[in-house]
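The chain below stands alone, shown as structure tokens; this is the form predicted alone.
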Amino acid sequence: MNDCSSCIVRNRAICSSLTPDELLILGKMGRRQKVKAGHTLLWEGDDAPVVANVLEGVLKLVVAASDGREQIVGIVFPSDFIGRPFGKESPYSVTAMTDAEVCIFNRNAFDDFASEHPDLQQKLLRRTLDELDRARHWMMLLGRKSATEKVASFLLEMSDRLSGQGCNADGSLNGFELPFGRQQIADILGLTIETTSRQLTRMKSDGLLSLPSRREIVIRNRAAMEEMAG
């Protein structure tokens, strides 16, 4: 990595709390790695020798049931942190949904560095609590909400998450391009692609959103979308 000053997520990633001298040290420990769509970076239950900041692209967190079925339990975006600091085994597999790039660190070296920098540990704690809140929301989304509420909630979250990909990005986007197709949306929400497509078409007919292309979304009525999301 060497030069953290050129990192496109430097103001949003966990290392944003570090001084220039500390960033220089951390930068020498890391390396950029491209991850092709469909490639798995970490496997559930295996030793997790690395941790990483996401620079570009979108990755999914997946757990497998005893019968082999897979469930997506989370999605990570640019500036998100993946891996298990101060741990050994990965509780989920991490697989790229799109072509991605990460800044990757040896976990033991990162743990040693974090132990000497309380600000970084505090940032890790905040991220962990944010992930816990997101996991609770995810449980509600998958377990209790209707198909309409699931799709509306998902689109609102995407508008929030996709707005934070740049270094200085902030706020929510009413117009955005999804980094994955409808089949992947259906897999994430535990729906069929037919149900997902029907919900999007209904929202378009009701004037809540526009669909300029298969992946482009423009939210026309955010208040109504939030009400629909429950």
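Think of the rigid core as the biggest set of C-alphas that the two forms share within 1.5 Å after superposition. This is a predicted model, so every value here is computed, not measured. All residue numbers are counted from 1 along the displayed sequence.
The same protein has a further form, the form predicted in complex with the DNA, not shown here; the description that follows concerns it.
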Checking a candidate spot here: are T40, L55 and T95 all in contact with the DNA in the model of the complex (at least one heavy atom each within 4.5 Å)? no
Region of this chain that lies against the DNA in the model of the complex, out of 196-204, 27-35, 56-64, 43-51 [heavy atom, 4.5 Å]: 196-204
Contacting member of A135, A109, L142, A147, with respect to the DNA in the model of the complex [4.5 Å, heavy atom]: A147
Proximity of G181 to the DNA in the model of the complex, heavy atoms at 4.5 Å: yes
I'd like to know whether L162 contacts the DNA in the model of the complex, with contact meaning heavy atoms within 4.5 angstroms. no
Is R220 one of the residues lying within 4.5 Å of the DNA in the model of the complex, judged by heavy atom distances? no
Contact with the DNA in the model of the complex for G175, defined as at least one heavy atom pair within 4.5 Å: yes or no? no
V50 C-alpha moves between this form and the one not shown by 2 Å or more, core aligned: no
After the core is overlaid between this form and the one not shown, has the C-alpha of N11 moved by 2 angstroms or more? no
Is A186 displaced by at least 2 Å at its C-alpha between this form and the one not shown when the rigid core is overlaid? yes
